[in-house]
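So this first bit is one chain, no partners, the form predicted alone, shown in structure tokens.
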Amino acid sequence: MKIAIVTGGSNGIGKATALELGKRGISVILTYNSYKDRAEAVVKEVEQNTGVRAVALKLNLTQISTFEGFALEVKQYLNDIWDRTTFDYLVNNGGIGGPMMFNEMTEEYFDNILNTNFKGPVFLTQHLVRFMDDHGAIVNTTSSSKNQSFPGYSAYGSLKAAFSTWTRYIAKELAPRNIRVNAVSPGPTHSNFGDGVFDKHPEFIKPLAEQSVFGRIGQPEDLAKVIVNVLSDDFGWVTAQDIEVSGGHLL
């Protein structure tokens, strides 16, 4: 039985990834920060629809001091539920978005983006990879915005670019253990990005859809299928890559 850890698994791409993993017989430990009820609903959906086990654990990616305790909690669940001391896959999906123009940018905003989208995942991976099974795989969720220049996203795009670059470095360092590390870069996706910006402002969807060669924005399931495939042995000869999954956005 393979086991995956998915951060930010209570909604959007993380939720879709947890469900897709379950469909393929892979058990899931998903994390949430603010939405315990949503996370528990995802656990229930995974278990009822796929028959594999799932667990939801609270994790705040900005609180690095809690990561050691989180790792111990994961170890306990691995032992109690699966009789394992290791896990197989890590999806660093948890993150936040939302624009702020450079001239208005606050240090608080910058630090929140930095800690949630880059620093937190880096140090969380450091804790978890110690008991990841050799021949495992990691997928980091970055963003196509790292190659674009939309106003208001200078901090977000720059730190996603840093996350993408880090992916290559860590792929090199973990190669002796045969752990593959890749990234997936979503384009505009109808997820909970920006605190549900597309639900609050559906008028934003049409112009972005028109920028895609397929005439629509992405759905969480579009990303989930790619993430789970990249984790699988079908991509066993692929590491240190950042795959854009944007439906040809701005092609």
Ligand SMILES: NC(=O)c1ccc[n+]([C@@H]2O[C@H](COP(=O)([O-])OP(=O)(O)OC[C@H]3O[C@@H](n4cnc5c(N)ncnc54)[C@H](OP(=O)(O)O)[C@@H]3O)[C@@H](O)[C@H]2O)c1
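Computed from a predicted model, the values in this text were never measured in an experiment. One rule holds for the numbers: they count along the sequence shown, beginning at 1.
The discussion below concerns the form predicted in complex with this ligand, not included here.
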| item | value |
| --- | --- |
| Location of this ligand contact in the predicted complex, chosen stretch of 73 to 81, 167 to 175, 102 to 110, 136 to 144 [non-hydrogen atom, 4.5 Å] | 136 to 144 |
| Close approach of V129 to this ligand in the predicted complex, 4.5 Å, heavy atom | no |
| Any non-hydrogen atom of S34 within 4.5 angstroms of this ligand in the predicted complex | yes |
| Proximity of I13 to this ligand in the predicted complex, heavy atoms at 4.5 Å | yes |
| In the predicted complex, L114 touching this ligand (heavy atom, 4.5 Å) | no |
| Any residue of 53 to 74 that, in the predicted complex, places a heavy atom within 4.5 Å of this ligand | L59, N60, L61, T62 |
